[in-house]
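The form predicted on its own is given below as one chain in structure tokens.
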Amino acid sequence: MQRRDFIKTTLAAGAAVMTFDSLWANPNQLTVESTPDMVAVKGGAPAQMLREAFKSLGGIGQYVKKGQNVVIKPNIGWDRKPEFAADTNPELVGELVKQCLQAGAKKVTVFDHTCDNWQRCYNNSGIRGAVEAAGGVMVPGNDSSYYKEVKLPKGVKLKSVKIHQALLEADVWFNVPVLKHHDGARMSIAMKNYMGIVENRPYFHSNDLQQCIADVCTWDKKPVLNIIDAYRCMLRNGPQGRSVKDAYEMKALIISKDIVAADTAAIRMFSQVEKIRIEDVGHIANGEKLRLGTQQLDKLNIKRINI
């Protein structure tokens, strides 16, 4: 039996709690009774895990206030059904829209600058249906008229970039990527998900992709939370996958304000199923150098929830 198959079998056999807790646990880490720096949930449906996470974070009202305009930025880049794990889980996005509106948000807007035809991506991912059923609004991301230039004074390769006006006008926004393999960036998670808020992505690929990903994350309007969908992950052949066999049901969710820590935790969890070294995902270290967050998870107060 191959190592990956052994791990999958072990998870399915009931050892998920041990594996999940050991991903970033430090034996000397103290449990702190305060709002955690990170919440990691495993074992439930996407909406259920999000609700449980928000309980530990003090509720959605800590992040969304009455009358605010809210933007949710999932990964909707590919014309794929949810079982491919190429896009963020629609149930998770719909639940987040619902909670924002229940908190009193004036409007909840969802978009992505897709790679495939945006209408097909929105529809076939299931995200349009989930968002509109919850009361949210989908807007296109593939029209250049939507993008306005902003400066990135802390960027190394990128000194300016054009960002979608929905984000420029938002009071708060949530970064909601799916956890998946990416053949260029090695992994596509929270930092990589920023590439769906900008207009000129080809520049990233021809001018040090790993640094450009970190640079765009220096934009001063940070998401209030990074919510990583790891319910169903793409293990290989990312970013769009070749078949449903590239996907793996992990049933997990990671939430943190710290984008570097969130991606670090996600990669450590991913590496328990599919071989990947965090050193190979260069934008993570680049982000830490730019003081976007920390890879030192043992320094954080992490709340782990097993459903």
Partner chain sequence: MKTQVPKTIRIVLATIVFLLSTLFFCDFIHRMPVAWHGLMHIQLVPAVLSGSIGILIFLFLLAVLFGRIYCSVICPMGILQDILSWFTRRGKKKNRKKRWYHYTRPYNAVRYTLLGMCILFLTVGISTPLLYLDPYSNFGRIAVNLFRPVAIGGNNVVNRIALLFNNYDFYQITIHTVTTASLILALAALLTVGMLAVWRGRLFCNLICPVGSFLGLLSKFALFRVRIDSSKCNGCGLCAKACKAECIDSKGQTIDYSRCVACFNCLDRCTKQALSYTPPALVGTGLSRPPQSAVNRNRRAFIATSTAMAVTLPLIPVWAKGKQPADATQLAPITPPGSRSLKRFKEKCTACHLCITHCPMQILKPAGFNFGWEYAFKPHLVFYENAFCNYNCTICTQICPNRAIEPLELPEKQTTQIGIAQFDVNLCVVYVDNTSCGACAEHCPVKAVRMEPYQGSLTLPHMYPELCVGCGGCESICPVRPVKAIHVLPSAVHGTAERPQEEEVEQINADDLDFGF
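As the structure is a prediction and not an experimental result, all values here were calculated from the model. Residue numbers count along the first chain shown, from 1.
Beyond the structure shown, there is the form predicted in complex with the partner chain, which is absent from this document and is the topic of what follows.
Undergrad: Looking in the model of the complex, any heavy atom of Lys275 within 4.5 Å of the partner chain?
TA: Lys275: no contact with the partner chain in the model of the complex.
Undergrad: Is Asp79 close enough to touch the partner chain in the model of the complex, meaning at least one heavy atom pair within 4.5 Å?
TA: Contact with the partner chain, yes.
Undergrad: Hey, in the model of the complex, does Leu92 get a heavy atom within 4.5 angstroms of the partner chain?
TA: Leu92: no contact with the partner chain in the model of the complex.
Undergrad: Using a 4.5 Å heavy atom cut-off, state whether Val70 contacts the partner chain in the model of the complex.
TA: No, Val70 stays farther than 4.5 Å from the partner chain in the model of the complex.
Undergrad: Taking Cys115, His182 and Leu209 together, does each of them reach the partner chain in the model of the complex with some heavy atom inside 4.5 Å?
TA: Per the other structure, all of Cys115, His182 and Leu209 touch the partner chain.
Undergrad: Since the chain is shown here on its own, which stretch among 171-179, 184-192, 93-101, 214-222 would lie within 4.5 Å of the partner chain in the model of the complex, judged by heavy atoms?
TA: One stretch meets the cut-off, namely 184-192.
Undergrad: Work out which of Arg268, Arg51, Lys65, Lys257 lies within 4.5 Å of the partner chain in the model of the complex, going by heavy atoms.
TA: So the residue touching the partner chain in the model of the complex, by this definition, is Arg268.
Undergrad: Are there residues in 268-307 with a heavy atom within 4.5 Å of the partner chain in the model of the complex, and which are they, in order?
TA: Heavy-atom contacts to the partner chain in the model of the complex: Arg268, Met269, Gln272, Val273, Asp280, Leu297, Ile302, Arg304, Ile305, Asn306.
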